[in-house]
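Below you will find one chain, with nothing else, as structure tokens; this is the form predicted on its own, and questions on how it binds or moves follow later.
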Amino acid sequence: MDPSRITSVAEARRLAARAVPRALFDYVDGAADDELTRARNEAAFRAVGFRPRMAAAAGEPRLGIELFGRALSLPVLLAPCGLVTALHPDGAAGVARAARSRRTVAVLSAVAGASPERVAASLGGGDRPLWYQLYAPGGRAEWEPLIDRAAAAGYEVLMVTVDTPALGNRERDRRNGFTGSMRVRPRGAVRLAGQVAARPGWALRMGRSALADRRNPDPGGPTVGLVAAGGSPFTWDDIAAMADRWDGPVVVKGVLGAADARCALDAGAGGIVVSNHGGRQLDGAPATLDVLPDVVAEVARSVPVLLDSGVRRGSDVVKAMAMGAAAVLVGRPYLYALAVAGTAGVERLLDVLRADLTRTLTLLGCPGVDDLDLDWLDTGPPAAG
């Protein structure tokens, strides 16, 4: 599909629903239980307004940031996500290439369906900003060799997701016949077969990709299987052990309050991601934007604080950064774009967000993302009295 048709995250979502089987779309689009937390994430951004400043100096606003010693062209990273290789043959390697082409970072998930070695090799020589996200249902015996492999392949930042001691109750997946580990039940297989038949373009692309993979198998093999129904539990002692073993920043993903932010710092974390897994884990958890100020205050800029869950426009990036986020990560938006047009779709999505971010800053009268603070926001009417 022509990537130029992606004009917004909402349009990418609409196109993705037509590009892949319904079960795959629901896996990306869905959340836990009644999907209340997913809705809260987006509502929290809508509840925050702006305080623009008129007659400001003209010029292209500054979008670049520095994160863990690397200069990035915009404060939008691509979050670690599972089953990336099922959406399009370009898969995780294509996502990494798209991120590098736009001078940002794609975080490779252990359950993306591609090994860290394969994705690193796909970028060839030159500068390769590589981050690896860890799941390890098997505990230390599993995570030690995994992070050693990532380090040997040149990954610089280790991201550890701590909000998945068990899988959330993702009811769309259950309706589509998937078990907690994403194995397909017999009835689900029949339903999925019909969905695949209705998406012949996707089926043809993925069939060709499967044949190519048989001729050129991933030499690193799979990293870990899809997270089992028991999840991937980590303790703060695990985080401390990883920080000792990993030669670089360890970023803890899944923090939703000041107390856990303090625990992460005490365990040696070099960064924090305020995240509720896009509403895919505990339904009823708070919106990430609502708890971001508490985490930022606790951390006091000693390490970078990032945010994911609910970012859909460049204006959302501005709101998060004005509240103290060093950058944001997006997940569903780039997965929709990948499903639509592969690597080119992800590049297009990043371009759309860049243009939206530029326009928002220009209309605000703000010269750059490094100037953002709470003075640029209107968070609601003043208290009575």
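Because the structure is predicted, anything quoted here is derived from the model rather than measured. All residue numbers refer to positions in the sequence shown, first residue = 1.
From this point on, the text means the form predicted in complex with a small molecule, which you will not see here.
The contact with the small molecule in the predicted bound form, taken as any heavy atom within 4.5 Å, belongs to Ser109 out of Ser109, Asn176, Ser232, Thr104.
Note on the partner interface in the predicted bound form: the residue among Leu353, Val330, Ala322, Ala32 having a heavy atom within 4.5 angstroms of the small molecule is Val330. Heavy atoms within 4.5 Å of the small molecule in the predicted bound form map, among the stretches 132-140, 295-303, 236-244, 94-102, onto 132-140 alone. Although the partner is absent here, Val28 sits close enough that one of its heavy atoms falls within 4.5 Å of the small molecule in the predicted bound form. Residue contact with the small molecule in the predicted bound form: Pro116 places no heavy atom within 4.5 Å of it.
Put simply, Arg313 is far from the small molecule in the predicted bound form: not one heavy atom of it is within 4.5 Å. A residue is said to contact a partner when one of its heavy atoms sits within 4.5 Å of a partner heavy atom; Ala79 meets this definition for the small molecule in the predicted bound form.
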